[in-house]
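Just so you know, structure 1 and structure 2 below are the same protein chain in two forms, each on its own as structure tokens.
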Structure 1
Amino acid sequence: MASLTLGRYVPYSSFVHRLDPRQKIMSLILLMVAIFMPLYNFSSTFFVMGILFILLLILMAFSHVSLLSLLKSLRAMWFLILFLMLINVLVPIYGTEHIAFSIGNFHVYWESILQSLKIIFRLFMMIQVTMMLTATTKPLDLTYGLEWYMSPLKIIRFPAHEIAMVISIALRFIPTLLDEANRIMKAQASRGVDFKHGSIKMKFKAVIALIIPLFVSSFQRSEELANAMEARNYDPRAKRSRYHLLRFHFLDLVSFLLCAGVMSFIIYLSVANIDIFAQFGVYGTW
């Protein structure tokens, strides 16, 4: 359950919350590209990513995104971290110049360790920017944003509006269905179904006793919902006006340009293969 709440929308009214979801989605993509650009060497990478990371941390503080829940994501990644470390240490393909330590004849290189740290750091930052988006944007606004990007595909009969409607209804019904699941669980427990104890087989049976009624009622719900929608003249193919307005403000332009600037600069560093520290007169970094 903890992983479910990771990056969940938290209502505040910071300026990041108020930005246009379309712009935030675009900025997310720009920053992701920036994060994954290969740079000259380890030092350059950690230096540039470190600065970006700190900037994002400040932005997080401004928009009330919890640092704690970001750190929790590390806990969720522990297996991945271990795996990356092991692979990189066992198969040192990124250079074998600096030995960190040796176990008998087996050498562990600094390059392997730095390489896995680099990957982990990038993944971590990827989670960070994604969380910045999802924690400051209502799921429904996200859906509208995505629909906007998908709408050109309507020309090839891609059902952009229908998909957005399906997602928004699914989001709308999550609390209702959780409620229902709770009710069914209590009802079944009062009939003697034990959800907490017993063998795997017993537990499996208990879950079935939950799932089946939940399915039956969901189907009934969906039929009634379809009736209610149709009775209110819903026709996905007809022209519909929009109550929700997505507004692109001046602040959106500024943040978009900032993100685009950051990305362009990092792409430049990458393509021109610039050794950052050499610019400051420090040569020979790893």
Structure 2
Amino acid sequence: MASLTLGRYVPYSSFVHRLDPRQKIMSLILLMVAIFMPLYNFSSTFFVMGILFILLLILMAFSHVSLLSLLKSLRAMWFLILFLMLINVLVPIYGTEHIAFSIGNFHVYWESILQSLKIIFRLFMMIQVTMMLTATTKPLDLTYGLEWYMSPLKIIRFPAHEIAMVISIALRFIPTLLDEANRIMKAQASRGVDFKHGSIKMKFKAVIALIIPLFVSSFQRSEELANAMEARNYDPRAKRSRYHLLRFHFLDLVSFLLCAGVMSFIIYLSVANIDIFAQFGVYGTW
């Protein structure tokens, strides 16, 4: 659990860190749309997603977000990945023709394997983009950005500031709670609790020994945070001034146009049902 770095801010002075948080939130949305757009076939999908993945890796390098941290963050998702692969293998998609291998009378198709890989690849890039946002944006700046986008809803008395603050606090406390869970696991392991071995009943008891102290610690932290905000006379409905004002710069415009261009290009390929390889004279059924 300590290896999960999603939600953990990494202080650096890269150009990604200096981007406006409102622009980074919008870029996140644009890239999410680009990642999950369906393309003509598997070949086009993996080709386009591969190029987008390389671009995101370059952006991670500029952001000082290590690939090793991203891989460690995926450890907790292996069960979900295996479950998705199992579902796609047991329930093949319509029009499957190419058999990869057979187990008795049961056939495993290449289309099912590629469909699973496509889902995993998209899930990987989704976490990659989200991790770059949280690693390069301070929680307070993220709150300002979310509140700015929800500010038009204040006309209908929507609590934009409160919702933005709750989201920001939730993102901020993800790494804190993971560190706390890791500390509790070590404390319980020193008392003889085994989290890795034993029967299902023993593992269930071990999970209970972890969850109950974690819930108690979480409620204590939330109460301490509420008391600290009240002691500082925090009023979410009061008119508030800000020390750091958000301003768009030329670099924000360039990065927004690049993300919008990538999304528009992928949407065009999806809507027009264009086979990229066929455009270059490389034909295939996948």
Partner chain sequence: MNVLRFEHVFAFYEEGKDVLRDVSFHVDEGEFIAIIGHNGSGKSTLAKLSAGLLSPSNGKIFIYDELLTPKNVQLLRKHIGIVFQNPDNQFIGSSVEDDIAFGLENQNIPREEMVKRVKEFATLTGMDDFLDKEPEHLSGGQKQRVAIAGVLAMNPDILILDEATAMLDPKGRKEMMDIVLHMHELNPKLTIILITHEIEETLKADRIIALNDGKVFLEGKPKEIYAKEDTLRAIELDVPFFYKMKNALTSIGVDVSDIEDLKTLEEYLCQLNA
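Rigid core (definition): largest C-alpha set, two forms, superposition within 1.5 Å. Structure 1's sequence is the ruler for residue numbers, which start at 1. Worth saying up front: this structure is predicted, and the values here are computed from it rather than measured.
Taken from the form predicted together with its partner chain, structure 1 is distinct in origin from structure 2. Once both forms are overlaid on the rigid core, the distance between the two CA positions of residue 139 between structure 1 and structure 2 is under 2 angstroms. With the core held fixed, residue 175 shows a CA shift of 2 Å or greater between structure 1 and structure 2. For residue 184, the Cα coordinates differ by 2 angstroms or more between structure 1 and structure 2 after the core has been superposed. Core-aligned Cα shift between structure 1 and structure 2 at residue 161: this is 2.7 Å. If you overlay the core, the Cα of residue 233 moves by 7.9 Å between structure 1 and structure 2.
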